[in-house]
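So this first bit is one chain, no partners, the form predicted on its own, shown in structure tokens.
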């Protein structure tokens, strides 16, 4: 026999359970990942975005950052975002080139005159058009939220690479895209495709003789402890993108999607300011740690990589013309 007291107690318990469940269901924690450590500009920009998102939704949505390759390298992060196991990933355009071919135009050597030129391009109609193409591509299964700066990539090893002949016989790690491997081969070296998460050990053990990247990465990943010469080849200026899982995105309300897009644009501009400051500090710290910065003959490297632009750039002729005309 159910007494009134038993019924009320049961109802209260059920209500409490339901309310607690509904509240738990209403709070969402999105996972974000990056290969770089805490404090790195790309990581900090996404963390700041998370704080704004949490404030704007009264705690309903928050972001948990997994830095320092905790969830794997860029390839693994892309795969996790595609299936919805990860919501936000900061990835190199280089890693996405094989997925959405149009992005490879930014992966061509010496496609930008300098970093200021690159920023004009990604902030304008060309940049937006390419983001839209990635989002619209069925193969990507990602929604691109914005661009991020990654500076200029230069070669680092234990000896100078001031001209193509200096790279002869040197195994240089490149991102896993045939275009980059061929670029290094054209520059005089031996390009080796390798995951970023494998690189430090490969440098330590001599599996590769060097790599190429920006000063903040050389510092943050401790590669400067084994590679002491930074040659200013300036062969690549590749912007990066941060993406959102399409599987998660399709379940969001239009209001939440609009909020994420707004905060993403703010994150793009904040990261740029953070980048400029961090990059300057990184260069100072690297020099203090004994890393030698050496000028390189960029004209010689430009000439040596012309066959790469001829081979891969033909189908992007119209786009390359627009990039060249961007002032």
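Positions refer to the first chain, counted from 1. Only a predicted model underlies this, so the values are computations on that prediction, with no experimental measurement involved.
One more form of this protein exists, namely the form predicted in complex with a small molecule; it is left out here, but the text below deals with it.
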Residue 32 near the small molecule in the model of the complex, any heavy atom under 4.5 Å?
-> no
Close approach of residue 175 to the small molecule in the model of the complex, 4.5 Å, heavy atom = yes
Proximity of residue 209 to the small molecule in the model of the complex, heavy atoms at 4.5 Å = no
Non-hydrogen atom contact residue 153 with the small molecule in the model of the complex at 4.5 angstroms = yes
From 140, 87, 92, 107: within 4.5 Å of the small molecule in the model of the complex by heavy atoms is 92
Exactly one of 248, 213, 162, 82 comes within 4.5 Å of the small molecule in the model of the complex through a heavy atom, and that residue is 213
Which of 54-62, 294-302, 257-265, 33-41 lies within 4.5 Å of the small molecule in the model of the complex, heavy atoms considered? The stretch 33-41
Even though the small molecule is not shown here, does it sit in the model of the complex so that 123, 147 and 270 each have a heavy atom within 4.5 Å?
-> no
